[in-house]
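A single chain, nothing else alongside it, follows as structure tokens in the form predicted alone.
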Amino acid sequence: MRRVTVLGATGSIGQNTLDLIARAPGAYRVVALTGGRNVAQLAADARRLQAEIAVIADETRLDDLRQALDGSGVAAAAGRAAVIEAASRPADWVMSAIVGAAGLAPGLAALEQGATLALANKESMVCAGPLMLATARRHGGTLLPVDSEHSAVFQALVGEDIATVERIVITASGGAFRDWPLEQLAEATPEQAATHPNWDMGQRITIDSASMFNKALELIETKEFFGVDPARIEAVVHPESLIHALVGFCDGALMAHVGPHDMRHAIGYALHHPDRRPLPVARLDLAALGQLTFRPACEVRWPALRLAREVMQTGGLAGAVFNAAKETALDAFIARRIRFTEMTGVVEAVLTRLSAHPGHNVDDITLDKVVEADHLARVTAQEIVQSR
């Protein structure tokens, strides 16, 4: 019986993971489940799956969690330190689905136990890719990508030599505003940005999809995860969102991963790796689809993609700064303090201001350095937002 932990169990990725685990109750022992603020969902899942411990990140909700778990035999804890402790508990397989930079320390804690870390938290690789990879190597842990795009690349590379890869093409839906006139984007509201044409995701990642910040993070993650030159990484808009990524080889061949809009595909691949097992996902009817279309990913419409390329070229702590500034700008947009089109300007200004900061361009990335860069970037971003 495999021991599993799900970090970020109450979110979309976490819920899809628990769906797959619950379908094979005799195969898994749930060590820990963590959530952000949704006590009711966390407690219900912990009871249903008989988890050893449930942890809520919001410390003020600990009493509520204890009450919800009363009599279940499931231990309760709260706070950031408790989340990291839960990630440190011995487990064979850990899903990292905490949103944002908050997922970095728990993911590292899981790798330090030698676990297989299924990584849906792209920010970990963006902020500290070299540290994640080094930690996995040092402790015998394994990193498996769960973003649909990176899972697709990973699967296309099975049995292949990375040296023969000529290009990696990451696809993007284009988000809520892919067909909007450029001049109207400044008037977009958080509610409009939070409606995705294809995927059912949380508010923040859906808005990131509309701004293409999500895709910008994925470009950086591709570079860090697979160790390819940034010049070989491309983005293309694919409105149907059925081809998740393509890998081009030196002989001109393109290997594409095609699948439905269902994250259980990528989650299931990571959960069962290295095997393939049946999954409860739709089977595509190619004749009914009729056609698949593609458009250029215009960096004028989506300047976040341009910033991602600059971050990849800079290296060091630029990824941590980029992500922290992005998260702060997104908060400001959701709070209606800046316009949709101003988010990129805030992030670019932070990158420019901190590029000359001592220690910004480093090769030896540590968690402390990432945390410091993250904090400085957030403070700087808040100052820039206030000045607008």
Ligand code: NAD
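Residue numbers here begin at 1 and follow the sequence given. Quick caveat: nothing in here was measured; it's all calculated off a predicted structure.
Omitted here: the form predicted together with nicotinamide-adenine-dinucleotide (NAD). The next part is about that form.
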Looking at 210, 126, 235, 97, which has any heavy atom no more than 4.5 Å from nicotinamide-adenine-dinucleotide (NAD) in the model of the complex?
97
Looking at 223, 244, 215, 122 here, can you tell me which has any non-hydrogen atom within 4.5 angstroms of nicotinamide-adenine-dinucleotide (NAD) in the model of the complex?
122
Counting only non-hydrogen atoms and a 4.5 Å threshold, tell me whether 12, 35 and 102 all contact nicotinamide-adenine-dinucleotide (NAD) in the model of the complex.
yes
Interface segment, criterion being heavy atoms within 4.5 Å of nicotinamide-adenine-dinucleotide (NAD) in the model of the complex, picked from 329 to 337, 64 to 72, 35 to 43, 344 to 352
35 to 43
Whether residue 114 contacts nicotinamide-adenine-dinucleotide (NAD) in the model of the complex should be assessed with a 4.5 Å heavy atom distance threshold; does it?
no
Do residue 53 and nicotinamide-adenine-dinucleotide (NAD) come within 4.5 Å of each other in the model of the complex, heavy atoms counted?
no
Would you please decide whether residue 49 lies within 4.5 angstroms of nicotinamide-adenine-dinucleotide (NAD) in the model of the complex, comparing each non-hydrogen atom pair?
no
Even though the partner isn't displayed, in the model of the complex is residue 239 close enough to nicotinamide-adenine-dinucleotide (NAD), meaning a heavy atom within 4.5 Å?
no
